[in-house]
Structure formats: C-alpha cells, structure tokens
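Just one chain follows, in the form predicted on its own, and it is written as structure tokens.
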Amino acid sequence: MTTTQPDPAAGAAVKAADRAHVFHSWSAQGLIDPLPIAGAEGSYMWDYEGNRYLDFSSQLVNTNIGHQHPKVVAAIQEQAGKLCTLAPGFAVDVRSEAARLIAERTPGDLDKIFFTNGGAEAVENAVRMARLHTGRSKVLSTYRSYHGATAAAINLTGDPRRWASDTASAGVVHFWGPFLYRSPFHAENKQQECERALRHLEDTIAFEGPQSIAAIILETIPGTAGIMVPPPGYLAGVREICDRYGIVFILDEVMAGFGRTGRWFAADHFDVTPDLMTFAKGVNSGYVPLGGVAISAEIAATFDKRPYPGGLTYSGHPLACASAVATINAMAEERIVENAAEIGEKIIGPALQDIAERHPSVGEVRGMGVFWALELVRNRETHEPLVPYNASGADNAPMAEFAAACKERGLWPFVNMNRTHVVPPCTVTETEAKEGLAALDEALTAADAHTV
C-alpha cells in the first residue's frame, strides 16, 4: 500500500486554508475541526501525522470499490486525454456504454437512463417525471428517510435535516414506514409490522386523495436513517398499491445500489421492479460526480413526442461516465458484488451478533452485504436510545465518546444519531473486516459506560 511520510507542516497548511475558505455542509462553521487527509488506498486513508484509518464509512457510503482503484483511475486518465467534456445533447461512446451497462443490471424494463451529477438531482428529476407522467402533484415519502438536499429532495427527506428548509408547500406527505424495533404500529413480529405498515399507507392515500398522488418514493433499504431492511412482502405490497391507484413507484437506490447489499441493487432481494429508480454513489464510487434515473418503458414513452423539461450542463459527463464503465466492469470481473455478499454473510453479520451479545449498549443488529447498523441504547429493555433524537452538544456526548474511541483505534466510523453503521467498501477483505470489527468491539465499551 502506498503511504506518504508524515508531514505535519503540510497538514497544518491544508487545514489553515480549509478553515479560511471552505464552507462545509451540515455544519456550524466555527465548531468543526476537519481532519486533513493526505491520501487513501483500498479500505484505508491516512492523515499528515502518519495515522492510518480503516474506512468503515466508505466516506459517505459511496466508495464501494475502495479508494484509488487502479482500473478506474486509469479510465479517467485515458478519457481525459481523449475527450474531457461534451454537452449532453451529443451521442458519446462512453456515455452510451455507461447507460447500457447500468440498464443491463436494473430490474425489469428500466432501460432508459437519465444522467445527473448526484443522488439529490436524480430524486429531483424522478419526481418531476412522475408528476408530468401522471398529471398529479403529491408525493409520499417516509419519515425515516434521506433523499438529498436540493429543493424537492430535502422536502421528501424525513430526517431532521429537512426542518430548516421545509417550505410545507412542496406537495409532500410523509408517512411511517416499517421498523419493527421501534414500531409505530405496536407490532409484535415482522408479519404484523408489514400488514400494519401497508394499512397505514393505504389510509394515508385515502385521506390525501389517491387521484392527487403522483408517486411514492422509498429507499429500498433506508440508509442514513438506520439501514432498516423492510419485512418480507412490504415492497411488493407497496408495488400493488401503486398499481391499483395509478401511482408511480420510485425506489431510491442511491446508497443501497451497486453492490452495497450483496446484489447489484437492493431491489433484487425483494423481486420488485419500480417505475423509476434513482442511483449515484456506488455507480462509480464517487470518483467523479455522477447519478441518474433508470426509467421504465411506459414513463419514457411519455416523453417520446413531448419534450422533457429538465436537464443539466454536466448530464452524462464523459469523465464521470468513463469512471462508471470502469467501475461496473471491475465489479463484474473481480466479483466485488459477490464479495460484499460473502463478507456480510460469513464475517460481518455473525461478528456483529456476537458483539451485540457482549455489549449492553447494542439494542439491535440489522443489515446485509456490507450495509449494517447497530442500534445503540441506554436500556435494552425499554429501547431507550443512547442519545435523544437529533441530539447535539452535551446530549450527544455518549456517541461522540464512542466515535472518538473508534478513531483512537484506527477505525473511521459512520455514526448518525444513536447508531453506528458498519459500511466498509464492497472490496473489503476478510482480514480487514475482522480488524475493523475488533476495533469496533473495543470502542463499544465507551457506549456501554452510559447504559443502565
């Protein structure tokens, strides 16, 4: 593995420039302390002090093929030497090939690809397509969800990041999705949770007026909100409801797609085909910004003679598409999707269950592939979260202590509210996974100290 020699002075200069000029997302600018990173490769990254971290966050759950995959780096370099950019109105070989490779892997007839720069823009355009296709205005989404930070996407989002930007007039209605551990339906098992969640959705549709609803959008497996695998039959039930009322079914696969769950798309686990599917992140591991919408034949036909009123200057950017082609081909050739499934089933899943038995702070383990969450609690009996919902400052101290304990042990965690997510690259090896899980095991003693 390539690493750089420690250079604290260079790191200090990087940090000083950052603090002087970079405005960070989701942050109170005067309260953050960004870590300067000198480099990354595979499952690891390192700072200018010489500290190396096993990346159990995959950055923002997007570096599915790890850092600096040589085939993808070479493809970007080669494309840059050939053609750096071209407007989206032209036919470009690498853009066409990226679309073909994606369409080959999407379920059903989702064979037309509209490219965006990322996941939020993909959601924006999927919702626009649904509204134009149906002539309806409302869109339903769950409270425990994240769909992006642009205008429509942030209103669709269910988590607290929506609050500051919620206009309350964007035609969005939120409802409760299934989550047995914290069931809003007082369910006692998965079957009850599924049935009651579907009944709740039908009630919501009835009271909102089915003739006014353009789409229902769901993360196939909610990501940032907690990696809550839907109970058997739920997504199929939503599909049936959408068909019955002429509602467009959108699956958001921005985080769950491209190998993260051990399949190309999480929808493949549930044998469900949506009308529109959004993607980003893992399509090229974020090496160059890229996202998109996979579109069914019926919805694509809506715009055969009618212009689609949307577009982006960088839609299908050649450098981004080249990185997607190389990523998808590398994933197929190197069995990266299969690796994610095997590591999850044989290593991560069993180890997390064992960890849960030994740590009173772990209330529940859930996930698949390299897409897992630990629900951290103060009390296993009552399910009281380790920190309050949307905690900050002193209230969030237990989670901050846990995250610090991870980093002290060379593990870079993904934490959100009262959860830690185990989301290493899909390329993670058995040795690397065990290394990270051992560090996680030790770090959880910091959370255990706050249990009752």
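Small disclaimer: the values here were computed from a predicted structure and weren't measured. Numbers follow the displayed sequence, beginning with 1.
Keep in mind the form predicted together with a small molecule is missing from the figure; the text below concerns it.
Q: Would you check, heavy atoms only and a 4.5 Å threshold, whether residue 272 touches the small molecule in the predicted bound form?
A: Because no heavy atom of residue 272 falls inside 4.5 Å of the small molecule in the predicted bound form, the answer is no.
Q: Taking 4.5 angstroms as the cut-off for heavy atoms, does residue 198 touch the small molecule in the predicted bound form?
A: Outside the cut-off, so no.
Q: Is residue 255 part of the interface with the small molecule in the predicted bound form - any heavy atom within 4.5 Å?
A: So residue 255 counts as contacting the small molecule.
Q: Does residue 262 reach the small molecule in the predicted bound form, with heavy atoms at most 4.5 Å apart?
A: Answer no; every heavy atom of residue 262 is more than 4.5 Å from the small molecule in the predicted bound form.
Q: Among the candidate residues 226, 118, 231, 367, which is the single one with a non-hydrogen atom no more than 4.5 Å from the small molecule in the predicted bound form?
A: By the 4.5 Å heavy-atom cutoff, the listed residue in contact is 118.
Q: Name the stretch: of 141-149, 331-339, 350-358, 94-102, exactly one has residues whose heavy atoms fall within 4.5 Å of the small molecule in the predicted bound form.
A: After filtering at 4.5 Å, what remains is 141-149.
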